[in-house]
Ligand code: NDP
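Here you get one chain, nothing else, as structure tokens; it is the form predicted alone.
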Amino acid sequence: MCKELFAIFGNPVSHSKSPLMHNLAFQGLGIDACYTRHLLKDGSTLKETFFNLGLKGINITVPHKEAAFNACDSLDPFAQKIGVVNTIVEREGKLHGYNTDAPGFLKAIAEFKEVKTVLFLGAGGTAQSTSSILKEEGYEVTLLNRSEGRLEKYKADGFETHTFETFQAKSYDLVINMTSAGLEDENLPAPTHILDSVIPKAKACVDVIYGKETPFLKLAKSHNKPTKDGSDMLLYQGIIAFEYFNNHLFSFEQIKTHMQRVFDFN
């Protein structure tokens, strides 16, 4: 039996590459630990479930990133600021929360040069962390969401926000799907007429979903736009989480050498 046990909590969670990714790194770096997945249906039970399973650390995916924030005993400054946690480490019976989505995402879009304006499709947990770090780095972020409710926090933080009804198309350098639309269905993240008004003007389109060509990415390609899925974001946030799991004993590049092998597997 492994000395330390880690997991990913989410709903759905069966598609996650995180277990393979982290286990490749544990094995490659000679660490006596293993990583599994757990379907968590009720986010309010996150803390209780964590301790019942005897875990040392977890990653959290949709829809429980806000619940993860509430479950923590202490938070790093960035997680505290944005109210969203996707990585938790247990130390001396206390849960310490971090956000690795945002720095992972920033590193993933660095290849797109001369980008200033960004349109987020969706306003959930991932958008919360990434919009904040992009704003800190000087990007202009606009959020478009189906309903008004989730946009209130962004408005209060000074972001431009729109619902499908109030949106008027402008030119954006990057258009990014931050929703789960297309993960387990063939849905688009916004009405077609809106997407057809912004994609042709964009320099590139990004989807945080990985492992499949989503309807959003297919639409972007039909407009001859460069596209990127969430694979690099997954990899980079995973490496940063692994650094927290192992108290920064290994460098980013050491971990990356093993974790990136996940993409050798279908």
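Predicted model only: the values in this text are computed from it and were never measured. Residue numbers here begin at 1 and follow the sequence given.
There is also a form predicted in complex with this ligand; it is not shown, and the following applies to it.
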Any idea which of 67-75, 192-200, 133-141, 146-154 reaches within 4.5 Å of this ligand in the predicted bound form, heavy atoms considered? 146-154
Could you tell me if all three of 171, 215 and 217 have a heavy atom no more than 4.5 Å from this ligand in the predicted bound form? no
Residue-level contact is defined here as any heavy atom of the residue lying within 4.5 Å of this ligand in the predicted bound form; does residue 180 satisfy this criterion? yes
Would residue 124 count as touching this ligand in the predicted bound form under a 4.5 Å heavy atom rule? yes
Answer with yes or no whether residue 62 is in contact with this ligand in the predicted bound form, where contact means some heavy atom within 4.5 Å. yes
Evaluate residue 187 for contact with this ligand in the predicted bound form, applying a 4.5 angstroms cut-off between non-hydrogen atoms, and reply yes or no. yes
Select from the listed residues 241, 234, 205, 40 the one whose heavy atoms reach within 4.5 Å of this ligand in the predicted bound form. 234
Of 71-99, which residues get within 4.5 Å of this ligand in the predicted bound form if you count heavy atoms? none
